[in-house]
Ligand SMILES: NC(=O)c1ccc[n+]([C@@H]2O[C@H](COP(=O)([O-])OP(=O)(O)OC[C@H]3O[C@@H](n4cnc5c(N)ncnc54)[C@H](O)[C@@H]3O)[C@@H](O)[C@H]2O)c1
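Shown next as structure tokens: one chain only, the form predicted alone.
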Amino acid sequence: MQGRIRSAIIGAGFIGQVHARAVRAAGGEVAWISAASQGEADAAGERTFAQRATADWREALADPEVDVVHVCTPNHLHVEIAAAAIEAGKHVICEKPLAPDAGDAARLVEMAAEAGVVTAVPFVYRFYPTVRDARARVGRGDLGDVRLIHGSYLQDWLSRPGDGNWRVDPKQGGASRAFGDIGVHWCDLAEFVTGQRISRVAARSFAIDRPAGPSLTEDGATVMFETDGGVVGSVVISQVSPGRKNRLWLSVEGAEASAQFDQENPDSLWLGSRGANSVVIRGTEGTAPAAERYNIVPVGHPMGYQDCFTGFVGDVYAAVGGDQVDGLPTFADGHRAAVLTKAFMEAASTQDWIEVAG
């Protein structure tokens, strides 16, 4: 592909703007931005420096010069737009959840494979260099045999009864909220770092009362799990934990050492052993070569969420150009998240252990 890659961003809310900044930082062009009304689209176009703005996302998909479509709408619209983009021959980045159920997600995976297009789902926490460093250390055996995987993902933006958002409505956000929104991020990171797949789960969920009545989707959950490698683990998920803004914390503990990642302090990887503990700073001596690609700012200059998005979009663009990219989260990973969500919901409903399909 010659020239700069041109992207169309469908959805102009917070995450659409994150995508737009990442597109520009990765060397692409925001060719189109689409929103629910022309006024909203025009305003978003000014903020994102989009070349064209529209209230009809189909207009953007019809542009033959658009290379990549970013689906950044409320969840219930993902399948329709992603499928239309694939049918138009576009490469597709779709926010998670890829689909409200695993069947629709599997259909999108099949459509993309038949069309031969690059697909991606923004599991962007994979793109912290400290996460790549942790993954490399686990892979080369620094921790010894993994014995335990545990952690949490805590937020507080829905902790007050009057807090609301379209995600609270299951018709727009889906039947699972806290797990489907952030729990799948934690599970993806745990599987990515360890190379082990969650094979069965047990769960308990809860919901707080709101002015309109009890939440129709879960506000939080505790999940126990086993992996295909025989490792046990647990995770606590919550969007109603006051003071926790976006605290994704993962601990992988082996026979010889432990590694811990904290998304609210992402430039440091904690390593522990019986003899001594240490904190490895991103990009310093001893960090894994696999992490170097994602060190896009000098050591000592903090990297954050937006930088991860730039690395993610950059890898998508590299894949569009024909490169083999390690660790790019594709629609197959989006389908995996849908499968895990289905198992979680069944486990929380039946209060029994549930096998995870695939």
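From 1 onward, residues are counted along the sequence shown. If you're wondering where the values come from, they're calculated on a predicted model, not measured in any experiment.
Heads up, the form predicted in complex with the ligand isn't pictured, but that's what we're talking about next.
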Can you work out whether the ligand is within 4.5 angstroms of a heavy atom in all three of I149, W186 and H335 in the model of the complex?
no
Could you check which residue among G283, G272, P170, P74 gets a heavy atom within 4.5 Å of the ligand in the model of the complex?
P74
With a 4.5 Å heavy atom cut-off, would you call I10 a contact of the ligand in the model of the complex?
yes
Does the ligand get within 4.5 angstroms of any non-hydrogen atom of D219 in the model of the complex?
no
Against the ligand in the model of the complex, would W57 count as a contact residue? Criterion: heavy atoms within 4.5 Å.
yes
Any chance V124 has a heavy atom within 4.5 Å of the ligand in the model of the complex?
yes
Please determine, with the chain shown alone, which of 106-114, 188-196, 228-236, 91-99 has non-hydrogen atoms within 4.5 Å of the ligand in the model of the complex.
91-99
At a 4.5 angstroms cut-off on non-hydrogen atoms, which residues of 30-49 are near the ligand in the model of the complex? List them in order.
S34, A35, A36, E40
